[in-house]
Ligand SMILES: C[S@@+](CC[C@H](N)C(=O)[O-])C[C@H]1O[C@@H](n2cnc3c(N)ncnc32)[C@H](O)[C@@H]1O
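Below you will find one chain, with nothing else, as structure tokens; this is the form predicted on its own, and questions on how it binds or moves follow later.
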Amino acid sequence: MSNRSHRNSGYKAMNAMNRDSKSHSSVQGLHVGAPRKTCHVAAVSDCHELLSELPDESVQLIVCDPPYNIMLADWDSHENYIAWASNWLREAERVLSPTGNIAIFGGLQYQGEAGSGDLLSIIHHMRHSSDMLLANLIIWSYPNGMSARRFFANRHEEIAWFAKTKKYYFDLDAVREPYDDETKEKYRKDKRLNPETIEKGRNPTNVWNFGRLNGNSLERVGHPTQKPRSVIQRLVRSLSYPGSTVVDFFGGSGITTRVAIEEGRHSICCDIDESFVGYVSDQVAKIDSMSLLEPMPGFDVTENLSASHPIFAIGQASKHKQRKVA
């Protein structure tokens, strides 16, 4: 079977832009560099309460690691999971900007335990009840995990990336994987390939090989289901731009706040666990600005989200800029 990009006009246009080193229209005019200072809210709050406070189209990226409904705790038990999830999914769509994205963590391996609460159910609901687009199903692959005897031991989780509209923001160059010198030399001999693209590196594909955090990992802050910084970093770099706002209303270990600070994004994060603010403090303490590739802007972290918070003004300014670009 021939490559579908040979027949599809949309893929042809994207391939032509790649050859000419041009950016998609949703990237142009938005990637303006990190601000001098970023604002961050880390609150103990219910996800629905936090979302109700956010203005329409004020958020660029939502990173979402919801409960899997496998009864790990009181917050992980919902009699009608999809009825509960549909409320925050609907609100998430409202607050996302036209170029916005939402990345939803889940696991198809929890289908038996979760009843109606696995990622398949969420994707099915989105397909039938939302205008958002399933841009990618990302496979997070890792070598470490539990053993199994009645089935093949699981070594991956899924991340469903939905885009608000066809004008979604995606910065591939920010997450390319560099080629080694031998591969570069070989590819430079192929006149069909763009030399600039070769220097930038390869597309990492939708299969991401990052290990899960071991019990003694230096990244750990004490949260039982903490996600690796490298996974959140790739989402933030590719699906949002410097100076935009990232939201995580199942904040968990506080890793999204940390990555947003490091990457020059504003953030609004919450969790119903009273330990959340402490986790965020521990994450901030682990930031080593000297190890970052780009200088890190100054930042403020507060626990309260009010209508007068400066982050609302940031969201409205971003909204105006996107309309101007479109």
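Counting begins at 1, following the sequence as shown. What you see is a predicted model; the values in this text were computed from it and never measured.
The same protein also has a form predicted together with this ligand, omitted here; what follows describes it.
Novice: Ok, 277, 284, 34, 272: which has a heavy atom sitting within 4.5 Å of this ligand in the model of the complex?
Specialist: Of the listed residues, the single hit is 272.
Novice: Note which of 47, 41, 261, 54 lies within 4.5 Å of this ligand in the model of the complex, where distance is taken over heavy atoms; exactly one does.
Specialist: Comparing distances to this ligand in the model of the complex, the residue within 4.5 Å is 47.
Novice: Quick check on residue 84: any heavy atom within 4.5 Å of this ligand in the model of the complex?
Specialist: Result yes; residue 84 sits at the interface with this ligand in the model of the complex.
Novice: Can you tell me if residue 106 lies within 4.5 angstroms of this ligand in the model of the complex, counting non-hydrogen atoms only?
Specialist: Residue 106: no, not in contact with this ligand in the model of the complex.
Novice: Would you check, heavy atoms only and a 4.5 Å threshold, whether residue 227 touches this ligand in the model of the complex?
Specialist: So residue 227 counts as contacting this ligand.
Novice: I'd like to know if residue 243 sits close to this ligand in the model of the complex, meaning any non-hydrogen atom pair within 4.5 angstroms.
Specialist: It does not: once this ligand is placed as it appears in the model of the complex, residue 243 has no heavy atom within 4.5 Å of it.
Novice: Picking from 119-127, 170-178, 95-103, 246-254, which part of the chain touches this ligand in the model of the complex when contact means heavy atoms within 4.5 Å?
Specialist: Contact criterion met by 246-254 only.
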